[in-house]
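Just the one chain here, the form predicted alone, laid out as structure tokens.
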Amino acid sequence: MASIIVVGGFFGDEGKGKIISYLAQKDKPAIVVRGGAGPNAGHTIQDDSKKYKVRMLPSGFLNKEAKLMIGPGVVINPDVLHKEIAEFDVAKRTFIDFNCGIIEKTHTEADSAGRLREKIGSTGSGTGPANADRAMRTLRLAKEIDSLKPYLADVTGEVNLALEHDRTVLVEGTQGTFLSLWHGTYPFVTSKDVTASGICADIGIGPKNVDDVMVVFKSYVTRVGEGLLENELDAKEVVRRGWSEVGTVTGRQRRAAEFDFKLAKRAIMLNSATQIGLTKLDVLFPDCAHKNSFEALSDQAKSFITKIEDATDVPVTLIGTGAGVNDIIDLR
């Protein structure tokens, strides 16, 4: 059995897509399976000159041998799913659980106006209202939708069968620890728990079937939308530092702050993390761009990484040094 759960450590936008895509190609998992809320979370992957933006499928699709699965805890927008399946040509290896919930027009309409949009900063994807209907037991499920029949499967059963046969399973979380409905900066959070425990529940993986939990941190903190961001930098300073970014799904400007060691330590606790993936080191330390060995990093960068390890008592095992999937230092 070999399973690794990858989740975000801050407020989303940590670079999980890059880390997951790298692991999917490097570790050659039999299955890449996604938990999380729904299409309100986007992952960006850059492979050579190509850039992919994914909202429904797992980010590990660049591994052409892996089965791509979506767990029953995820709500699906069929239009977004069909578009991505066609765009990435993965129809033959995409599987969604019979019990995935379905986002319909009423959900996107409810999410695009009123309190969720104006006060919380919702993405307008319909994910929150769909999850609310799931809690009220009124939401339609994937097994009721004709266009999804070619992709229906017992994802929970398939994942656990793979683990029983010692096949590698890569589990993909979405958003970030402090957007969790239970553990985040309520009410400025997503509509469910997105810590490692919640992601495993979305898929149907019991706690004894988890080998490793990797929490992904960016080398600085960003947040889209409303809610607390301690020591937030003003917009001009963010631009001056070269940290200006926009959200994958919304295109909204991300707010930014320096790396929060206290927050990182709590994320490690909440996720029972065994490893850390650190992204965008090259943005914080431009002289580290495209480096592929720890020895090649500057002393300042090495000191920053050591400080993270000392604060969290967890090793940094993957270090992103550029936008490309292979701009990475693997210390595992």
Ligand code: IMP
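Bear in mind that the values here come from a model prediction, so they are computed numbers and not experimental data. So that there is no doubt, residue numbering starts at 1 and follows the sequence shown.
Below, we refer to the form predicted together with this ligand, which is not included among the displayed structures.
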- [ ] Tell me, please, which stretch of 174 to 182, 136 to 144, 205 to 213, 86 to 94 lies within 4.5 angstroms of this ligand in the model of the complex when heavy atoms are compared?
- [x] 174 to 182
Task: this ligand in the model of the complex reached by all of 123, 190 and 252, non-hydrogen atom within 4.5 Å - done: yes
- [ ] Name the residue from 76, 196, 224, 155 that puts a heavy atom within 4.5 Å of this ligand in the model of the complex.
- [x] 224
Open item on the list: So, residue 12 and this ligand: in the model of the complex, are they within 4.5 Å at any heavy atom pair?
Closed with: yes
Task: Partner proximity in the model of the complex: residue 59 to this ligand, non-hydrogen atom cutoff 4.5 Å - done: no
Open item on the list: Taking this ligand as it sits in the model of the complex, is residue 42 in contact with it (heavy atom to heavy atom, 4.5 Å or less)?
Closed with: yes
